[in-house]
Structure formats: structure tokens, C-alpha cells
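What follows is a single chain, given as C-alpha cells, in the form predicted alone.
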């Protein structure tokens, strides 16, 4: 097992290095100067930044300076936010995105497993048709459309009942989190529902389930111990990347609901060509995604010993 974990860690480090390298050269291929005078950068500040990051040196030299800083966990100083470290931006605002993402994952995983199991148990019947129709909508409709529609629905509900049932935007309490988390998790919930349904249909018709029925095992026990337990394995496999994707992919939802997460700063950095913030957040998000994939692979290795042997 330790050999399997070590192998996955090495693969993860190589992947993060590739992400960092691709991000660096992609940013340096974008036209424009991140230290233009209209960004309130004085000549002395420009000289200090050029010296720190090697911006006055060849690109290859800048790359090795970048890797050296990265190896020490130093993402640098923002080019557009005065005296603000990229590490501080991530440290202060990623927890907001993480809380929203975790809540969205809870909604997505619980709903995906529940609705996927129901569609398989009631295959080709009314519950199956209704849930699969909603799944198609959840996959097809973009998150920013769902966010706008949910805000409109909240405004109408608050007006109808003449009270603030749920806040339309903002951050601070659990009431602020519920609707954004649900909107953020709907796409993943729809995907997990389809995955759970197909996995469940395979398990329902398997030999050991028929054997359990023939032995007179109660249907509830068959469902919990044989069908659900084995059908959920594919869901566990994709849950790690799903967690990272939801946590790092809520840019639009954070903007629509005025949530002070890390996504807002990433969007602003792209608009302002803030190299250090763009590269720092991209590498951080990439490393977080790789870490979650490794964690799920290790968990899956404990659940299914065949993974370790392979």
C-alpha cells in the first residue's frame, strides 16, 4: 500500500510541476506589460519587482526564479494590490470558497446517491422520468443562469411573504450559503445521479443480488449491504475531482452572489493582467485538485484491494 501511495505522490508532484510550467509560459506569451505606469507603479517599485522576479532577465532565467520561489511556497506579491502577498490573498479568501464548495459537495453527493438509487429502483416509471428530466436540465443549464434564476426566485419569495426568507446575496451566515451552495452543486448532483443510476442498474441484475434474494434476505438489507455499497464505488472515484472542481470552479456563482471568495480575485487578476495572482491561484488550484485525486485514489485503494494490486 505504501508503494502505491508513493507512486501516486510522485505522479502528483510531476503534474503540479507541469501545471506551474504551462501557466508560466502561457502568461509570458500574453501581450502586455503587467507593470505599466497606469497601475500606479513607480519607477522604484518597478525596479524592485523586476529585480525580485527577474523580469529584466531572459524568460528562462525568470522561469527558474519562479520555480525557486514556488519551491519555498512563495507565490509572490500582487502587481496591482499594494503590499499584498498572493499567499495572504489565498489564505484569507480560499476558506470562503472552500466552505461554499464543501456545502455544495454535500448537496451534490447526497442528492446524486439518493436520486440515482431511486431512478434505478423505479426504472422506466414516473419517478425515473421526472428525476432524469431534472438531471438533463441540471447538466444543460449553465450555473450563471441558475444563479440568476435563483436570485429572481428569492426576490419574489421575499416580496410575497414580506420578509427576508433567505438573503439574495452576501456572506456571513448559513442562510447566505444555502442557495449559492445548491446552485453550485446542481451540475455535479446531476452528473452523480446519472453515474449512480447506471452503476446501480448493473448491480441490481448481478448474480450475488439474485442469490441474496433467493436466500430470502430482506429487500432493505439487500439494498443497503449489496446494491448501494457496491454501486457507490464509481461515485467515490469521481468525488475527489468533483470536490476540487466545485471548490475551485465557483467563480461565476461567487460573483453573482457577491461572495468574497478566491474566485473573485482570480477574475480581477485576469482582467488586470496580475501575473503573480494568476499564476499563484492557478498553481494552488491545480495542486489542490491533484491532492484531492490522490486522497480519493488512496481511499479507493482501501475500499477495493484490487486497485492496490494493479
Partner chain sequence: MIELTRNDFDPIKSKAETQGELRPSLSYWQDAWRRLKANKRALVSLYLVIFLLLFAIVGPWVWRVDPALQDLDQVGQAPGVDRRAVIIDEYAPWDGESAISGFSGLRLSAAATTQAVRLNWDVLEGANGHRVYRNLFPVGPELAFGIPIAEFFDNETLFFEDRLDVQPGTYFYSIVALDLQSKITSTYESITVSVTRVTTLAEAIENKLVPEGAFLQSGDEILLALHPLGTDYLGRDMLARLMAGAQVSLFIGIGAPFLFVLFGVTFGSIAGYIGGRADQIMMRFADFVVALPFLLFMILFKISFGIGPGESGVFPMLVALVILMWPATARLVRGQILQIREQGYIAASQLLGARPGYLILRHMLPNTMGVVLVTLTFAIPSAIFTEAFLSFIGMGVVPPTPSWGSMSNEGIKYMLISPHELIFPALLISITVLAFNLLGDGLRDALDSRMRNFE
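Residue numbers count along the first chain shown, from 1. All values reported here derive from a predicted model rather than from experimental measurement. Take the two forms, superpose them, and find the largest set of C-alpha atoms that agree within 1.5 Å; that set is the rigid core.
Below, we turn to the form predicted in complex with its partner chain, even though it does not appear here.
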**Item:** Complete contact of 62, 292 and 298 with its partner chain in the predicted complex (any heavy atom, 4.5 Å)
**Value:** no
**Request:** Give a yes or no for residue 255: in the predicted complex, does one of its heavy atoms lie within 4.5 Å of a heavy atom belonging to its partner chain?
**Result:** yes
**Asked** Is there a heavy atom of residue 9 no more than 4.5 Å from a heavy atom of its partner chain in the predicted complex?
**Response** no
**Item:** Proximity of residue 26 to its partner chain in the predicted complex, heavy atoms at 4.5 Å
**Value:** yes
**Request:** Considering only heavy atoms, tell me if residue 71 and its partner chain come within 4.5 Å of each other in the predicted complex.
**Result:** no
**Asked** From first to last in sequence, which residues of 130-165 have any non-hydrogen atom within 4.5 angstroms of its partner chain in the predicted complex?
**Response** 136, 139, 140, 141, 142, 144, 145, 148, 149, 152
**Message:** Superposing on the rigid core, I want to see if residue 205 changes position between the shown form and the other one - specifically a Cα shift of 2 Å or more.
**Reply:** yes
**Asked** So, does residue 135 move by 2 Å or more at the CA between the shown form and the other one, with the core held fixed?
**Response** yes
